[in-house]
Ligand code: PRP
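Below you'll find only one chain, the form predicted alone, shown as structure tokens.
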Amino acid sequence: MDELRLKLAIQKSGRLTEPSLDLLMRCGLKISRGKDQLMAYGENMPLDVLFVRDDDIPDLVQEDVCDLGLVGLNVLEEKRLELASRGHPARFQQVRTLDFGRCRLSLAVPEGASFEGPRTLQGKRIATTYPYLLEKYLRERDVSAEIVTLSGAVEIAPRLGRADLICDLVSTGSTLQANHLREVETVLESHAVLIRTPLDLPPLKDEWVERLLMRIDGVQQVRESKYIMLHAPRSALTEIRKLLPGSESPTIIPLEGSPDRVAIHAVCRENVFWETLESLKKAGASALLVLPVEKMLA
């Protein structure tokens, strides 16, 4: 690949793959990718996407194989602790917190088992694919327990007699329920993050990194934002301003031929529910229109 093209690593298959690609598309990237190819070529930006195992992303960025990486905070922090245990400080830089991939690394016990806080873990066997995060959690609470490191299928470890409880990623909790487990404690709240190489980039690459960050900020700002337009009596302005969710300073426009009425335009940075519209109408608003916001730069 051209050395002046940015290289971005993302998870090749898993819960972050589609949201990561969706974010890039919203940032304006058009990519060309054949079936089963592990690399996609950016057609309209000097940026190529590499599809790799999520566990490899921190290493690829740290070793400057890739300039950027989209990865879960759980993977990143596990790698950071693993490197520290070997006397090698992490050199990748976290540059953005992203608003997708939310989950949590949690402790879960078999249904019917008691749990009365971290001291319950004393002397227990805990199965996990995140031994360094779990070890840190236990150390900070002065708990001694056996960590059983598995590469997958952690949720069945108690039924196989390999562990007393587990420490695993939880999103909806359906996998735990299916395996008769109960979530009892959160070890780490996780979400997707963007990391970059620790090395200085050539000016042209660095400029594109900054442009990409700006676009990501713009996309994230409007993820739940809506543009509201409505008509209202001037006398209702104070009440209507209070009802507009997450809005800063709405635009007030006089209505031609109606000196006592105005048009109000506002970007609302929170969800606009039916109850919100009903409250606005009750306050005197009419001709309400709610539109999605695709892009926004501050």
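Here the structure is a predicted model, which is why all the values come from computation and not from measurement. The first residue of the shown sequence is 1; numbering continues from there.
What comes next is about the form predicted in complex with this ligand, which does not appear here.
No residue in the set 77, 82 and 186 has a non-hydrogen atom no more than 4.5 Å from this ligand in the predicted complex. Contact annotation: this ligand lies within 4.5 Å of heavy atoms from the stretch 169 to 177 in the predicted complex, the single such stretch among 186 to 194, 169 to 177, 135 to 143, 91 to 99. The shortest heavy atom separation between residue 164 and this ligand in the predicted complex exceeds 4.5 Å.
When contacts are judged by a 4.5 Å heavy atom cut-off, residue 11 counts as touching this ligand in the predicted complex. In the predicted complex, at least one heavy atom of residue 15 sits within 4.5 Å of this ligand. Using a 4.5 angstroms limit between non-hydrogen atoms, residue 54 touches this ligand in the predicted complex.
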